[in-house]
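We've got the same protein chain twice here, in two forms, each standing alone as structure tokens: structure 1 and structure 2.
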Structure 1
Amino acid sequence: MGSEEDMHDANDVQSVEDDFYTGETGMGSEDDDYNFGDNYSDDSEDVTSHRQQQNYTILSEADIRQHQGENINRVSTVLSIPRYAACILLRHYNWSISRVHDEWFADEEHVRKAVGLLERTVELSNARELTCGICFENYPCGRMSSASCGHPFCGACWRGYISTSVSDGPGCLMLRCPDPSCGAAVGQNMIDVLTTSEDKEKYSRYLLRSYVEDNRKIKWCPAPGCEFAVEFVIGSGSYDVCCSCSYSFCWNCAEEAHRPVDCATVAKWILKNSAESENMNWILANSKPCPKCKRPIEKNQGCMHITCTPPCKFEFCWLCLGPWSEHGERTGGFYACNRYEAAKQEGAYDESERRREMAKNSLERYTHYYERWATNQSSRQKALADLHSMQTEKLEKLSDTQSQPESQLKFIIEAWLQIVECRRVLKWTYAYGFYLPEHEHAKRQFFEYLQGEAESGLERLHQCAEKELQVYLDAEGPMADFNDFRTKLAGLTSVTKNYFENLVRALETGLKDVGTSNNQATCSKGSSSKSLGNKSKSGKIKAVAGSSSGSGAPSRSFDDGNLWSCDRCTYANPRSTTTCQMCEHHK
């Protein structure tokens, strides 16, 4: 009896990742800011159609209330119970209509007992006066109220009881009769009648939040200050969604959008970035404990003669941590402790020194990946600002300067959209690379090659869109070579898109295309990078920059007749070979 959307509650369907870039499932880009190439449109009807193809829906507060009311009405009609009772049932079963129906028709009596819905309502006594069960004062029958159980309480006690419960938080949604021995539920119908307007508003807000926070298919947008929620079709594909506030995030883990890197890797990376472990690594790598008082000391001068701060004032050698008083000509002089060097060569230096070296190496490795992760993040933020400026100001100016209609300048917006998305992908590939096992040399080589090719292509595209475009923005009139620039930028956009398609596809499949043979190809990154995206004298792109090709598509050719490019990994292979030396894909 459940609705089609609730059929998902009965099954945990494993998510099958759709191709974010090629759109093979027919879905558009998850992010309105990142509609690549031909998907970009200013027409509102196109945008509406695009959203209908997505695997998620953005819900405003009005939408949430509407969906909530429809679900309550549906359960109320099917089970022939009041709306307040249907609301209590849905709240208890996390707003799953199918589960409510299943449990109700399997054992109605057990469900009623669990949620506090009595089968028969007990009416108040017909006596002229009744005694309140809280304050024990006598009141006329008309001033008394009760839940379905019939236990009478005066209006003042009801207001105080409900107000206290509402002030305590969302627990008020599971309110029961004040009588300690009674479990009858107190529904929204009584809240609306017995309490103040302020408490009614709070209760309504808690109920609204419950529909989102207790519902396994809906989540709030995590952007600060955003009041939209996202309803997701579970098992339908990519978890990356974009809210109406323009914030992109992963619906599964609620972190910022991070495809193609999985949620577990992102969680580890974010924890590492915020953990104190890196502080300890820095202390281990850049300081040594005083041999006497054990306080960590950072060496800030060239001399090996270290004096601890008061009150310790112990003088020692930075190299061997021995007393400085023992250092003289017999140890090789004050600036070279050969006693330590000899011991180090013999492998006799202590465990703490070995740990310090390991910490230093670990810190350097982490710093390498973190700096590039953070740099691409800042570059993406700058690209977003440039995109906004281009859409709101510069595009109109360029249209006037170059005497071109804005509809013919969309290739510039497409380029910036590609840059923004590629910066996001590239940023997370550094988190992926940090956790890639060191012993898997072939995978690491393949990954670094793909990453390098993608990054090289992105830098060419970004420079063209940022610096070369500025020449035409600053021009006082139409320039003869603007069409050549159009061809170049559009070609670089296509080539860069192809690079990142290969990178995303490889990472999402766990780099499984890496062969197990001992044929370890040397990455000829320079040759392939130069061959793709270079501009000829006529302004054309030398490389054939087609869309993402499948395994059966013909290979792209380089101008250099001695090389052919693999469709899977873009590796530049010698013409004499028929199998890619990097991923062993057949030509």
Structure 2
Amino acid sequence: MGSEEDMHDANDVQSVEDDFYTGETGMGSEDDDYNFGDNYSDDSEDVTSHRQQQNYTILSEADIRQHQGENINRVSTVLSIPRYAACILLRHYNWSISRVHDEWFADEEHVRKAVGLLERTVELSNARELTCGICFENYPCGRMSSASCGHPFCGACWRGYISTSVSDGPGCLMLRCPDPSCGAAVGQNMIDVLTTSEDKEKYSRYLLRSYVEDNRKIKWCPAPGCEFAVEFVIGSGSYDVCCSCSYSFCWNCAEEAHRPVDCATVAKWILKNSAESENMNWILANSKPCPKCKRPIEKNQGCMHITCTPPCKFEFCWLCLGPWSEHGERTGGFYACNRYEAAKQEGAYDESERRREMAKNSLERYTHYYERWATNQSSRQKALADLHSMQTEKLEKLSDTQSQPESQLKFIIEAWLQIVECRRVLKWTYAYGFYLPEHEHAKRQFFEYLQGEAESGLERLHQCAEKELQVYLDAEGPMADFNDFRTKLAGLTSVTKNYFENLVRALETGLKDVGTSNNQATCSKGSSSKSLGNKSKSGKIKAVAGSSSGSGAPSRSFDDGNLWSCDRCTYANPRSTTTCQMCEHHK
């Protein structure tokens, strides 16, 4: 029961499946959790500030035992009952101390009856011989034991009874006297005295697991083989937690971490992927033909900038197979790979044709988002591996050849950590983008703008950390321009971090900032040359800060009054025009 309650976000999947998100309600559904972290009521912890403070605790097995023991002691002291009885009560009320207290002080008799804790202990009859209620043999009373009810059973029968229950599963934690009319609880105190060490051990494992699995504030880390649990301060904000095993996951839905996208969107997306998985197999193939020479190219690096093998050496974008020259900053081209251009913008066409086109495009549309989602996923895996090899071997080598102490090379690790995190965020923004309704022009445009900024920043960072660093790794001795490289990589790391913070903030507030201009301008150092235009017709809409400029002058923000968004095709047009440059629709 508890676990279902906890899944409040993921549970909504069915109901939102059909009506697609309308307006802000769907996408912004987690806002309440994020912004009003203090209007919850639960045990203990007082959470007023969030986000800054870590809102979860990683528990090792020893921590779990310790917390559990402390809780048992507390209840035992407050209610003046033995520890085994406190343990039974806590388990019954899902390890919530406040519930135990509430229920107990409201109606002690009722609670005692429900869990089988008798008010008065009935001692074993003091007859010289007693009959065991299971094997019906007579034994001297010294060889008999009973729960607090006084029903006598012999040692062998208790062992068999407990053993059968323990091997049946965690139900043994609620064991009762074997007498069918009785119901007196059999607690851990009896288990410890009456059974084999093997069964004692099994029982104590179930008890430990119960503290996590029946507790609405604690969950196991879902990483395979990981034995940590995570205690979460419910209502305190982002569900993303990072386990001591280094796996990041969403505490609420147990999927991998997916901030800033909400659990319901993630669940829908994962369902969608499994439904489409057969269609999508081809996408996962690691090789594509070079757009120029048609030889198969295998992508073995994390960034999307691919260079074909000699003699072709054609540089292209893995996602769209377009020439890289139209993406990078060198030509002042733009980076459009985050954009799905649903309709070919060739003049106006009538509604029915548009509909037909859309139906045809629906798989194509999904494919677009899925491919980018999956590519960022594998890119992230690759980056994790690169980070690892950097930490375990390459950094040391670099420190050697460039005569730099390793402490001076932290910026490289920081760059890779940023890449790993950004790939994760970027990946989930594609699931977000898929579910962002097409008709929400302004939001889509704002979203794609932020995503595009973030993505092109990340591509530059990834390329720099991967390819440019290689030169220094391959070098025989110190290179004069290493410090320039340091400045560049550290700069790209911080710029990219800014872009992603903007993106995350905007998505978490349901893109509410659209139409206002309070979006924090990102630092333009090494700024992207992306604009929202379409390559065929648009020129550059705004001057773009030169990539070498370290001035940090604020770059354009989306709603700086210089652009208007076309109602029909969402293209961002300069303020000075009255018809769309793309589709000639009137403003």
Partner chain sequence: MTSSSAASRKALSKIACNRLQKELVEWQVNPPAGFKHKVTDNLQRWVIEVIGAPGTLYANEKYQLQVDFPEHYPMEAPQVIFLHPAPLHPHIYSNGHICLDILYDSWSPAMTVSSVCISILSMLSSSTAKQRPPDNDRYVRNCRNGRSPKETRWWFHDDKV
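All residue numbers here refer to structure 1's sequence, counted from 1. Treat the numbers as computed from the prediction; the structure is a model and nothing was measured. Throughout, rigid core stands for the largest set of C-alpha atoms superposing within 1.5 Å between the two forms.
The chain as displayed in structure 2 is taken from the form predicted in complex with its partner chain. Relative to the superposed core, T265 undergoes a C-alpha shift smaller than 2 Å between structures 1 and 2. In the core-superposed comparison between structures 1 and 2, the C-alpha atom of E137 has shifted by at least 2 angstroms. Once both forms are fitted on their core, a CA shift of 2 Å or more is seen for C312 between structures 1 and 2.
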